[in-house]
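One chain comes next, on its own, written as structure tokens: the form predicted alone.
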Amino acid sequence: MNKDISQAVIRRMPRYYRYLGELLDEGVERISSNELSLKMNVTASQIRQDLNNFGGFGQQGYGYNVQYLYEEIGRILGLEQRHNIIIIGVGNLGQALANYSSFEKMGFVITGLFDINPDLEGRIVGRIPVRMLRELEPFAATHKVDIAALTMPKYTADKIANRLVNLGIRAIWNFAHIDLELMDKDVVVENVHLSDSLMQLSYNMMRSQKERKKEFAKKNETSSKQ
């Protein structure tokens, strides 16, 4: 489809995919936008608008076939293809990613691990041996690499990222605490700032506490007047 899809819509598509997968596990064959909205905490109108960006997929009076919609969203997200991933930086986060088995179920296959720490050389993490970073170029020359995940200190991330670009790698999943500045603007970058997510959680937690205090104060005020 040629028209531009907003990033807000794109961010919701994996959620639809995940919830539909849960419905399939529960044996649900069809669902309406209203029923799906209750499960996802998104309005039925928003769900219909989101899916209409890609063709709709629903039938009036029937709703959505769960299996069909699940498969179609998977296709939209590119999950019918295999994506080979390498991880650069095999510290705690890199090892956690390498050991996360659900990636492979979605077609994301980790094929290489790289680090500069000689103590890690040859160690097996998630069935993959850790290689030294100096082996990156020969590895890329003989293996298809679709995505590189960066789990390293931010002061080395830009240099490594541009090195990956020079090797022809077109997608970077960046966990380094920096927004990458790449020479090639056509390379797709997903910046994942874990601390940002934690700070958003902190804000929402504080807001929830304030709302509860307001509600408690209001109840006390009402009871004192009675």
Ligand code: NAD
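Quick caveat: nothing in here was measured; it's all calculated off a predicted structure. Residue numbers here begin at 1 and follow the sequence given.
The discussion below concerns the form predicted in complex with the named molecule, not included here.
- The candidate stretches are 188-196, 26-34, 63-71, 39-47, and the one lying within 4.5 Å of the named molecule in the predicted complex by heavy atoms is 188-196.
- Within 4.5 Å of the named molecule in the predicted complex, a heavy atom is found for not a single one of Asn84, Val145 and Arg170.
- Of the listed positions (Leu120, Ala149, Ile110, Val125), a single one reaches within 4.5 angstroms of the named molecule by any non-hydrogen atom in the predicted complex, namely Leu120.
- Think of it this way: in the predicted complex, the named molecule has a heavy atom of just one of Pro129, Gly78, Pro153, Pro138 within 4.5 Å, and the residue is Pro153.
- Looking at Ile160, you'd find a heavy atom of it within 4.5 angstroms of the named molecule in the predicted complex.
- Using a 4.5 angstroms threshold between heavy atoms, Asn92 counts as touching the named molecule in the predicted complex.
- Not displayed here, the named molecule is kept clear of Leu164 by more than 4.5 Å at the level of heavy atoms in the predicted complex.
- With a 4.5 Å cutoff on heavy atoms, Leu51 does not count as touching the named molecule in the predicted complex; it lies far away.
- Residues of 161-191 that come within 4.5 Å of the named molecule in the predicted complex, judged by any heavy atom, are Phe175, Ala176, His177 in sequence order.
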